[in-house]
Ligand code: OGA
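Before any questions on binding or motion, here is one chain by itself as structure tokens, the form predicted on its own.
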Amino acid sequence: MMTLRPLPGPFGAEITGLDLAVAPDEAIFGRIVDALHEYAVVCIRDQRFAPPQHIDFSRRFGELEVHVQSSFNLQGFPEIYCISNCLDAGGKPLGLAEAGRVWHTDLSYMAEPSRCSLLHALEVPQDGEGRPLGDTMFANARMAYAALPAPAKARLAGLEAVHSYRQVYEKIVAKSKPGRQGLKPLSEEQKRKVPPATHPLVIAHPYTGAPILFCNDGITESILGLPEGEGPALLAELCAHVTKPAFVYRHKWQAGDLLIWDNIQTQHLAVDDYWLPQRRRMQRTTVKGRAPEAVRAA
């Protein structure tokens, strides 16, 4: 029997009593979607499904993305992206270890950023006392926009921002610690696949219509239409505002968690506080979204 309760923090919800190895009926799936829109992050506990079930469940939210860094796609299941610090017997990385080291919104550098992501925890690192490491932090950009004073909201109306994959990739490379494997230079073909995208700075949620502050420190490169010098200062101010503690939920992982986040109204950051022999192994699907639209004037 499905049970839903809020998680500790300003947003987020936990679901128990489901086994997603068996496809939930439409009524249950509808409750999950509604919870995702309301709570922004939903954790479905104790899931032990195989890659085909992960893909089948994810496809109910929409068409799936295949990540541009295809070397970390799960063999035989390209829709699943592997995030891990583990190595195979030959010392080859089993996934991208440096994923998410900066605040970002998945695929905001695309013309159509993702709708949501579904990350399944297979192994969770722990400290010497059994406490989980490798938390993921989420910032709620809908709550952050709602908290802005009216003059600030008026200033943002009509502005656009440029989002760049090259920028986030270079930032993650810069944070990579010596001796770690997994990140390779982008090929020219990969660069061509992901040119910068321009989006409204304040967008409407495609399913609820709620206004959302759509910029993040990792991927947003610049704000257009402002006098020289104002754009970088405003971008820094907004990115700092979104990630204030009042708008942040920190997820402490348990093995078997399936974490689903509403990618449009959140951004996230992976906490880097572990390394081998502390093992972290996760698999992610990403659901395609729609081109962001500006909030319509009332």
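These numbers come from a predicted model, not from an experiment. Quick note: we count residues from 1 along the sequence shown, nothing fancier.
Here the subject shifts to the form predicted in complex with the named molecule, a form of this protein not shown in this document.
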Inset, instruction - Assess the spot marked by H104, T136 and R284: is the named molecule within 4.5 Å of a heavy atom from every one of these residues in the predicted bound form? - result: yes
Legend entry - Contact segment among 226 to 234, 240 to 248, 266 to 274, 32 to 40, judged by heavy atoms lying within 4.5 Å of the named molecule in the predicted bound form: 266 to 274
Inset, instruction - Please pick, from A161, I80, I83, A121, the one residue with any non-hydrogen atom lying within 4.5 angstroms of the named molecule in the predicted bound form. - result: I83
Inset, instruction - Report the residue, out of G100, P93, P200, P132, that has at least one non-hydrogen atom within 4.5 angstroms of the named molecule in the predicted bound form. - result: G100
Legend entry - in the predicted bound form, W261 touching the named molecule (heavy atom, 4.5 Å): yes
